[in-house]
Ligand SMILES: Cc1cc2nc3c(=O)[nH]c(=O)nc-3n(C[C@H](O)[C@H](O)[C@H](O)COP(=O)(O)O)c2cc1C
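Below you will find one chain, with nothing else, as structure tokens; this is the form predicted on its own, and questions on how it binds or moves follow later.
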């Protein structure tokens, strides 16, 4: 467990838990600060925020905690030129826009926020840790982060991706198992064909690289954390586990859907963003699947569906917005993040003791 101790001590952690960045609502400064204050590593998912909003959120975290925290961006390598049948996709969206009382779908003027401007804020404010997903960071971005002595964490879904990330200079790698909620981090092949479970993925990546590995996907309690550490992970990254806690920005309809969901109700879909992501099946995903259409290229498709998703959230209509969640959904719990962290700390201790008791005497 030396790697666990080293990783935790470097980031001022007393418990090997990284709160996953959950952009688009659930991620809040209050949640990140609460996890960090409880001895873990809190994270902000800022992919969809303007530079001004990012700065405000970072400053808010620093008002709430003196401990390290991470800020997450999407790799710009994932961005594609605008391509696809906008008119056909708009026809699928049109009745939902009418139902929600918003204007008809319009071609996106831009794919989203500017990565360079977002990165400028992170470097200017010298955030302690930057994590990213959906590809490699551009070399210039990596060099800049290194000059600023910012710790960098990339995301891999295969051993090949982990090796590429290590070669690019990352300080740690999140091994994202297929159980994880949200966007798939796959960047070397078609994501739907690479759905390797956490239990299988983590030890293979641990054996292939020399940097710390974080285990992500389906981990919801102390048993899962101990299992991840036993596989060689330096910490467990948990997202869905915090989505119903008090500090999360998860809207009311989303919370209710999460609390009512079962482990077999998630699916990997391109319906909302154009990239594969795991979330709860709902009305729009079913309608999209029935349409037989191909999504507009990422991130343009994400921008195209954003008005519907935002209006649906405001209308408490869980059928029409993205409900990203992992497969450990039945173990979701509510309450303050500090309380959840306390429970996880006790569960880790209990799981370690239970494992010791179950081992044959010859192995103890």
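Computed from a predicted structure; not experimentally measured. Numbering follows the first chain given and starts at 1.
The protein also exists as the form predicted in complex with this ligand; that form is not presented, and the subsequent description refers to it.
Enquirer: Does this ligand, in the predicted complex, lie within 4.5 angstroms of each residue among 21, 26 and 239, using heavy atoms as the measure?
Expert: So, yes: the whole triplet contacts this ligand.
Enquirer: Could you tell me which of 321-329, 49-57, 33-41, 299-307 sits within 4.5 Å of this ligand in the predicted complex, going by non-hydrogen atoms?
Expert: Selected range: 321-329.
Enquirer: Of these, 162, 213, 170, 243, which has a heavy atom no more than 4.5 Å from this ligand in the predicted complex?
Expert: So the residue touching this ligand in the predicted complex, by this definition, is 243.
Enquirer: To verify the annotation, which of these, 179, 221, 166, 113, has a non-hydrogen atom within 4.5 Å of this ligand in the predicted complex?
Expert: Residue within 4.5 Å of the partner: 179.
Enquirer: Is residue 266 close to this ligand in the predicted complex, meaning a heavy atom pair under 4.5 Å apart or at it?
Expert: Residue-level check for residue 266: no, no contact with this ligand.
Enquirer: Residue 186 versus this ligand, in the predicted complex: is there a non-hydrogen atom within 4.5 Å?
Expert: Residue 186: no contact with this ligand in the predicted complex.
Enquirer: Contact with this ligand in the predicted complex for residue 72, defined as at least one heavy atom pair within 4.5 Å: yes or no?
Expert: So residue 72 counts as contacting this ligand.
Enquirer: Is there a heavy atom of residue 273 lying 4.5 Å or less from a heavy atom of this ligand in the predicted complex?
Expert: Residue 273 lies outside the contact set for this ligand.
Enquirer: Can you tell me which residues in 113-133 come within 4.5 angstroms of this ligand in the predicted complex, by heavy atoms?
Expert: The stretch touches the partner through 133 alone.
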